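Here we start with a single chain on its own, the form predicted alone, put down as C-alpha cells.
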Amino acid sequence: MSKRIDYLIVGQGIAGTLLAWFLEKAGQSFMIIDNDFADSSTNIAAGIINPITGRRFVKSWMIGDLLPFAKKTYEEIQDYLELPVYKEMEIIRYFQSNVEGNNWITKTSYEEYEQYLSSKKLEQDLSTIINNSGGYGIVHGAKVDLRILIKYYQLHYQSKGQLQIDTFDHSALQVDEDKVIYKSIEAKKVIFCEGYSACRNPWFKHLPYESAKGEVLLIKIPNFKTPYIIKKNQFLVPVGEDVYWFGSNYEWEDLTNTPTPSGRAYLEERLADILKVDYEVLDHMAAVRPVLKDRRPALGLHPEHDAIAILNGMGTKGTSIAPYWADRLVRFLLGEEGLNGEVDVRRFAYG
C-alpha cells in the first residue's frame, strides 16, 4: 500500500531542509530521502553569510532581498528550536594590496554600502595573532550553525516518520503526468535537492555544472577567543572553544570528497601568512560544492515532466541564498507566484 504525500524531497542539505521548513509552514505533507553523507558540502561548510564579494568589494547578487529574508528565516527557526543557530558577526577583511585598500575607501563612501561596510576600529586587538600588513575593513555578516540545524531536523523528521536514511535509486522512480511513485511512496511531485550528486541525476545531469572541490581544516588556536570572522584570502571562522574552521581552496579537476596532501599544504601555507601563533590541526575535510556555470541556483520544473522539480546549485553562497529560493519555489509550486527567469531551471537547454 502506497503512502500518499504532497512532495517527495531528495536530499537534506541546507536546500532540502529549508524546503521542508517552508512546505511545513504551508501545510504541505512531505517525505525526505537522504543518504546522510558526512562529507556533503553542507556538512563541512562554515555557514558564513557574507554580503560583500571579491577584491572590488561589490555587493553579492540580490543581497538586498536575500540577506533580510535569510536573517528573518534563521531567527524564526532559532526561536522555534530554542537552539543557537544564527549569529550576526563582523567579518574582518584584511587588504592584500594598496589597490584593495583604495577600493574599500571608495565603497565606504557610497550610501548604498553603508549597511554592509565599516571602517571603525576593532574592539579586540588582533595584532598579536594576525599578520596585518595592509590594513583592514569590517563587513557586517553572520554565521549559521549548519551542523545544529541539519542534525536537529534529521532527528526531528525521523521521529515523525518524514525522513528515510537511504540512497535514492533514480531507476526506481515511476513518473506519471500528475504524480510520481517511488517504492511505497506516492507524491504529487519529487523535488531533487541533491547538491553535487545531481550531476548523476538522469533528469538533470545535462545542467552545466562547474562544481569545485573545497578542502578545509579544523584547527585549534589556544587562548585565541575572538568574536570575529577573519578573511585574508581564506576564512578563519570560530566554531567552538579555541576551535576554528579554515578554508577553503578551489579544485576543479579532482571532484571527489577525499582530502589531499596538496590541499592541506595549500591551506597551511595560507595559515602561515595569516597567523603569528602556533596551531594544531584537528581535522581535514573535503566536499564538492554544487555550482552551475552562470553562478545562479536552479529551481523549478523539468521542461518535460511537471511532476519533477529541482532546488539546487546554491554554490558557495548557499547559507545566504537558500532561504529565499526555497520559499520562492514553494510559492511557485502552490501557484502563488512565478519564477525569476535568472533561476528557473528551464533557462538551460535540454538535450
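These numbers were taken from a predicted model, which means no experiment stands behind them. We number the residues from 1 along the sequence you see.
Omitted from view is the form predicted in complex with a small molecule, to which the following refers.
Chemist: Give a yes or no for residue 29: in the model of the complex, does one of its heavy atoms lie within 4.5 Å of a heavy atom belonging to the small molecule?
Modeler: Because no heavy atom of residue 29 falls inside 4.5 Å of the small molecule in the model of the complex, the answer is no.
Chemist: Is it the case that residue 76, even though its partner is missing from this view, gets within 4.5 Å of the small molecule in the model of the complex, heavy atoms only?
Modeler: Residue 76: no contact with the small molecule in the model of the complex.
Chemist: Within 4.5 Å, heavy atoms only: does residue 238 come near the small molecule in the model of the complex?
Modeler: Because no heavy atom of residue 238 falls inside 4.5 Å of the small molecule in the model of the complex, the answer is no.
Chemist: Could you tell me if residue 167 has a non-hydrogen atom within 4.5 Å of the small molecule in the model of the complex?
Modeler: Taking the distances in the model of the complex, the answer for residue 167 is yes, it comes within 4.5 Å of the small molecule.
Chemist: Here the chain is shown alone; which of 292, 63, 44, 301 has a heavy atom within 4.5 Å of the small molecule in the model of the complex?
Modeler: By the 4.5 Å criterion, the partner-contacting residue is 44.
Chemist: Let me know the one among 296, 317, 59, 284 whose heavy atoms come within 4.5 Å of the small molecule in the model of the complex, would you?
Modeler: Contact residue from the list: 317.
Chemist: Of the listed stretches (79-87, 101-109, 211-219, 115-123), which one has a non-hydrogen atom within 4.5 Å of the small molecule in the model of the complex?
Modeler: One stretch meets the cut-off, namely 211-219.
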